[in-house]
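Shown below, as structure tokens, is a lone chain in the form predicted on its own; questions about how it binds or moves come after it.
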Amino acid sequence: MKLKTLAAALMITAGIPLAAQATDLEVTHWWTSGGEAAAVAEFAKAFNAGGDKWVDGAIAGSGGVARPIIISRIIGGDPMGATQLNHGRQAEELVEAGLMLDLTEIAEAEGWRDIVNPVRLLDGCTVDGKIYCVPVNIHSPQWLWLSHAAYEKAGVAVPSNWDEFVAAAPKLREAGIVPLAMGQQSWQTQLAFDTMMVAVGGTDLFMSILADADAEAAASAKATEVFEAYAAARELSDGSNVQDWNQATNMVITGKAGGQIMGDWAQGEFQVANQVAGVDYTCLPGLGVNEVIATGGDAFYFPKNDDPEITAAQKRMASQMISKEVQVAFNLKKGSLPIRGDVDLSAANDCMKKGLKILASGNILPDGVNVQSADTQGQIQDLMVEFWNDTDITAADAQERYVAIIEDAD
């Protein structure tokens, strides 16, 4: 079935009116790497095939760069038609100010609560019982990506867990390979810290700190082990002189680095480079120590406007994004897991299948953006990037500052 015919069938099935005329909708997002661009193009194709026009408003840089721009435009009265944000607390003030479109009617008509898995992703879009965003994927940060070429050059076996990764690092150095690729954006260093907390400290420690803001847990001996492991890991990244996460991923792809701690969105970069999971690279959820994934991800919000045609187009886009066909097409390119459990993922690669298996087992955690405020997240990110780049800061110093942040977390 041609894409345009398919999109029309989807909207008729969902009870959503087809576009009476093409409506332009500006969509802001921060998906600009090769893999991300290939994925977001699937959304654009589906929207355009339905008779509307996707006007791409990509913002170069990370979410930390894009979010203030997005929020400033919405507050300043220059809203886009749709925008990427992370579901959770990032948009709650915009929702409370009445600036976001209520999607409850369409969500109930299409049974989103019955198809979104885990349902907490939809809860992250819900404020006072009303739904304000459409979750589009499940992204987990707890992965270690390993280059087969790098380990072959170093003459050592590809590690199967974090301890083996650390043990192999000297051989990589001897071969002129950076053991651990790491970009210089603060969210990357926080991601690595949280991932190591789950692997080294365990899920109970992670949840006590993340969900309960338990300062005593943050000051515990188990947490000290995490900070000491993190301090040791930063030495492995010496020589990783890149800024963006996808540049660090490229070091793994090209064999210049042994591995990278990064979310499952890294898969998109390996796919664009025509690398095959299990052949050219290995992925270890939970660093191969604790196979668990956090169910964070991305969602799209639709700022309110006074034009009924734009509002209708916004609802059509929301419906398309959560449809079976678009969910499969988008997530296979993105490397993330679909938010629907009723789709055909026979084309998934080995890494995605690992994630799906963990998701089915229920060994999942919430993501930090779902439970911590943007202010708390920002403070932790600032601390972690400073700790990672300043070797004069000891593990004990960093832990003391971290405990203070958790004590005041909101």
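From 1 onward, residues are counted along the sequence shown. This is a predicted model, so every value here is computed, not measured.
What comes next is about the form predicted together with beta-D-galactopyranose, which is not displayed.
Let me know the one among Y132, W245, F193, W162 whose heavy atoms come within 4.5 Å of beta-D-galactopyranose in the predicted complex, would you? In short, W245.
Could you tell me which one of W187, Y230, Y151, F300 places a heavy atom within 4.5 Å of beta-D-galactopyranose in the predicted complex? None of the other options qualify; the answer is W187.
Does the 4.5 Å heavy atom contact test between S323 and beta-D-galactopyranose in the predicted complex come out positive? Because no heavy atom of S323 falls inside 4.5 Å of beta-D-galactopyranose in the predicted complex, the answer is no.
Closest heavy atom of K256 to beta-D-galactopyranose in the predicted complex, within 4.5 Å or not? Residue-level check for K256: no, no contact with beta-D-galactopyranose.
Even though the partner isn't displayed, in the predicted complex is W31 close enough to beta-D-galactopyranose, meaning a heavy atom within 4.5 Å? Although beta-D-galactopyranose is absent here, W31 would touch it in the predicted complex, with heavy atoms inside 4.5 Å.
Using a 4.5 Å heavy atom cut-off, state whether Q84 contacts beta-D-galactopyranose in the predicted complex. Contact with beta-D-galactopyranose, yes.
beta-D-galactopyranose in the predicted complex: contacting segment from 357-365, 46-54, 31-39, 342-350, heavy atom within 4.5 Å: Selected range: 31-39.
Relative to beta-D-galactopyranose in the predicted complex, which residues of 135-171 have a heavy atom no more than 4.5 Å away? Only a single residue, H139, comes within 4.5 Å of the partner.
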